[in-house]
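Presented as structure tokens, the chain that follows is alone, the form predicted on its own.
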């Protein structure tokens, strides 16, 4: 029983980690918390569903959806976010991303209605027996896919020239510009990658929760908890944080009295606890400010 709950929690946590990855990417690129990230992922899932409904193979639909959401994310960054980032206006940035979240959700409801839709699993149906625990093929595929994406992003940021330029643009934009690094371009690249990863996350989540305009609201809460726990500047931390949140939430919902009624409280407790005890998260770097 416990092993089954742990396995289910890891699978659920990988879903949270996938969206947390997109949140971390945007934060690394522009030091912005994008509250519209869940709706962008939802839009990616709807694009994938529509393409499949038109007869496109599911993986081809995912690739097209990721590309489309990458372009849309860059457009949103250039038009809505970058002018406010340059003015160092944090509160208007939050309001803009919240407004974008509401607008995208309304657009989805208008374009595809509010009826629930079914998205085919990307990794097929059926279960796999792992150490006596029955795990669906979809769950195994989600965990492996998110793990691969997190590792790939970690390598990108730590060991490639592009990652070095992005880190330099974040840590000291003025010096980076003087060194010939375009901070605007690196910001756009970060948002593009986040848009693609978000679309992948939305399409991975949709077969588990069924596709409807309110699907991403609770997932976004857990994703923020995962990103906060792992560290807002750490892609691998987003995955680890997601798995921890998923396991704790699943165990709390199973073993605590009336636990299913208070599952979202778990996310709030994790966010508040991390902010009080270790604001940079488990894998995050503490910011050093020269006086």
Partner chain sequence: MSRLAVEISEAGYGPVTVLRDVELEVPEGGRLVILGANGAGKTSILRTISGLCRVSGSIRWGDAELVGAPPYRVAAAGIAHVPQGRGTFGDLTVRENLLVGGATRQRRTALADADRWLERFPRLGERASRAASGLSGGEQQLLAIARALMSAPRLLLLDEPSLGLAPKITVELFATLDELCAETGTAMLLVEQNAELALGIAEQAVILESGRITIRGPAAELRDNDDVRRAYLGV
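Residue numbers count along the first chain shown, from 1. Basically, rigid core = biggest C-alpha set you can superpose within 1.5 Å across the two forms. The model shown is predicted, which means the values in this text are computed figures rather than measured ones.
The same protein also has a form predicted together with its partner chain, omitted here; what follows describes it.
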property: Segment assignment from 176 to 184, 119 to 127, 194 to 202, 143 to 151: heavy atom within 4.5 Å of its partner chain in the predicted complex; result: 176 to 184
property: Touches its partner chain in the predicted complex: residue 75 (any heavy atom, 4.5 Å); result: no
property: 4.5 Å heavy atom contact, residue 137 and its partner chain in the predicted complex; result: no
property: Interface membership of residue 132, its partner chain in the predicted complex, 4.5 Å heavy atom rule; result: no
property: 4.5 angstroms heavy atom contact with its partner chain in the predicted complex for residue 210; result: no
property: Core fit, then residue 125 C-alpha moves 2 Å or more between this form and the one not shown; result: no
property: C-alpha of residue 159 moved at least 2 Å between this form and the one not shown on rigid core; result: yes
